[in-house]
Ligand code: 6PG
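One chain follows as structure tokens, the form predicted on its own.
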Amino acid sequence: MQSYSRWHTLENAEQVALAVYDHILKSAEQAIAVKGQFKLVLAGGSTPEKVYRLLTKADADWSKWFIYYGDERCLPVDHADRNSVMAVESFLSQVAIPAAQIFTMPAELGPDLAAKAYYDVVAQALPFDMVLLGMGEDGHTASLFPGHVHVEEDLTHAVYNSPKPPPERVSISAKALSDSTEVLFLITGVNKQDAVNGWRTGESLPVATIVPKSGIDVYIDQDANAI
């Protein structure tokens, strides 16, 4: 665990979502003031979805937001299990971010073609302003799973044999996810305790490969934080 990680322990998933919502809006306002844009990488999962629903009520300069995805499942474009479908339904369809500034992973093409297509998107976007990430019970993040080997220098990865269905996915690489002004982890639920403890004690987990220069912010609820 990097020494410059910042842990924020909240009572429950709703409080985690509210704290992350506040953090995103402040960072977006600052990035837009300095650079004229805010490049945000979205995560899948139930707690990020809570954040997205909060964001629909925000008074933000949506015309300056640019949206990317950390990973995606290789499913049809309208499949309910896709991260993009959740993000559209809970957030993007309700705010005025220009469609040309929303970069959806073409995961319906399959892992290889989708990873190649999104490589160029990521290369042009870097560095990101903020990356949102979750963590699975096995310590995975985005679609970077324990035991999977990828070319570290790549910006995107084709993912096969995911231990969680569906087996085929696309993921931004640890290198690219780390190339961000801020990285926020959202971790909730008692089922995450073992992975959190392993991360804290230095186990070789995918979450530990995300190492931005500015450190990370971990927003965690009391159930997941076993310490």
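When you see a residue number, it is the position in the sequence shown, counting from 1. Keep in mind it's a predicted model, so treat the numbers as computed, not measured.
The next section is about a form of this same protein that is not shown, the form predicted together with this ligand.
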Region of this chain that lies against this ligand in the predicted complex, out of 185 to 193, 28 to 36, 171 to 179, 52 to 60 [heavy atom, 4.5 Å]: 185 to 193
Partner proximity in the predicted complex: residue 111 to this ligand, non-hydrogen atom cutoff 4.5 Å: no
is_contact(residue 44, this ligand) in the predicted complex, heavy atom dist at most 4.5 Å: yes
Heavy atom of residue 157 within 4.5 Å of this ligand in the predicted complex: no
Any non-hydrogen atom of residue 70 within 4.5 angstroms of this ligand in the predicted complex: no
Residues within 4.5 Å of this ligand in the predicted complex, restricted to 124 to 143 and counted by heavy atom: 134, 135, 136, 140, 142
